[in-house]
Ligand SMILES: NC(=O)c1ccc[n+]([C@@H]2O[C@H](COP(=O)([O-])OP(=O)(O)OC[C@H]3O[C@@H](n4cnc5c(N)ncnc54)[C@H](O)[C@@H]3O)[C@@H](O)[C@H]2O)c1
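Single chain ahead, by itself, as structure tokens, in the form predicted alone.
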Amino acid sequence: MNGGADNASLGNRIAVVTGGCGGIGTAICERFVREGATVYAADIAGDSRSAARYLSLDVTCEDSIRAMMERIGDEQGRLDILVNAAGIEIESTIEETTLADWNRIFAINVTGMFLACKHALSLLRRAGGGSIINFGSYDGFIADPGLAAYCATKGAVHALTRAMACDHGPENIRVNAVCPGYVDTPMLQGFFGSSGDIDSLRQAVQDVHPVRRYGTPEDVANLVNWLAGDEARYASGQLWVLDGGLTAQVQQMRL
């Protein structure tokens, strides 16, 4: 759906997207704006590339998250949609992972999500309910080699998403997780860039998918937009895998 005054699906909604300046975060912000929402792109990076309102945010800092939610409360009075898209990836086995790296990836991928949800709840209640959309991964179900800590964080995201859906469903607060596979973002390009034959690897990644391509940030934004809106009012506590059929196969190709 292309937004507009007559068909915007999120008209008059207030949304915040952590990691809102990243590849997927920017696409989500742009889609929400087109659908009529007032959108805050919260990120530790620079200003938002979308039409969203930029907020500087360090998801590992509770004071930073608390200040962000207080500002949104002062400016808007409520919050309808929270998207936790902030995240990093560390490519290593547990033997190669330092304790500092382990703590950092959990601080961003898991604790940051926990803190954002915790401090958003009062604003979501003011709105009479809302939608929380977390970012898991297909790596929370199966594991890619050399991503041990990343896989562990996504498993935690999946479990916490379900727990929050159970706890806050009676308050009309829905909680879901989007679990992407390969998506064309700077994180994926960094993976390609560390390999020798980039072109052949890119082709191999596409060929291993039944749909013969990897995803785009817009593909992810489409699902997030649906989960944020009223059409998904009965959807909660679910882990929505978006991977072009990758994990539907009996055996994965070893890249």
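All figures in this text were calculated on a predicted structure; none of them were measured in a lab. Position 1 is the first residue in the sequence shown; the rest follow in order.
Keep in mind that the form predicted in complex with the named molecule is not shown, yet the notes after this line are about it.
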query	finding
The named molecule in the model of the complex: contacted by all of Leu10, Ile14 and Ile81, heavy atom 4.5 Å	no
In the model of the complex, the residue from Leu223, Val205, Met69, Ile44 that sits within 4.5 Å of the named molecule by heavy atoms	Ile44
Single option in Leu57, Leu227, Ala52, Ala37 placed near the named molecule in the model of the complex, where near means a heavy atom within 4.5 Å	Leu57
Contact segment among 164-172, 93-101, 72-80, 150-158, judged by heavy atoms lying within 4.5 Å of the named molecule in the model of the complex	150-158
In the model of the complex, Phe114 touching the named molecule (heavy atom, 4.5 Å)	no
4.5 Å heavy atom contact, Phe106 to the named molecule in the model of the complex	no
Non-hydrogen atom contact Tyr182 with the named molecule in the model of the complex at 4.5 angstroms	yes
In the model of the complex, Ala177 touching the named molecule (heavy atom, 4.5 Å)	no
Heavy atom contacts to the named molecule in the model of the complex at 4.5 Å, residues of 125-162 in sequence order	Phe135, Gly136, Ser137, Tyr150, Lys154
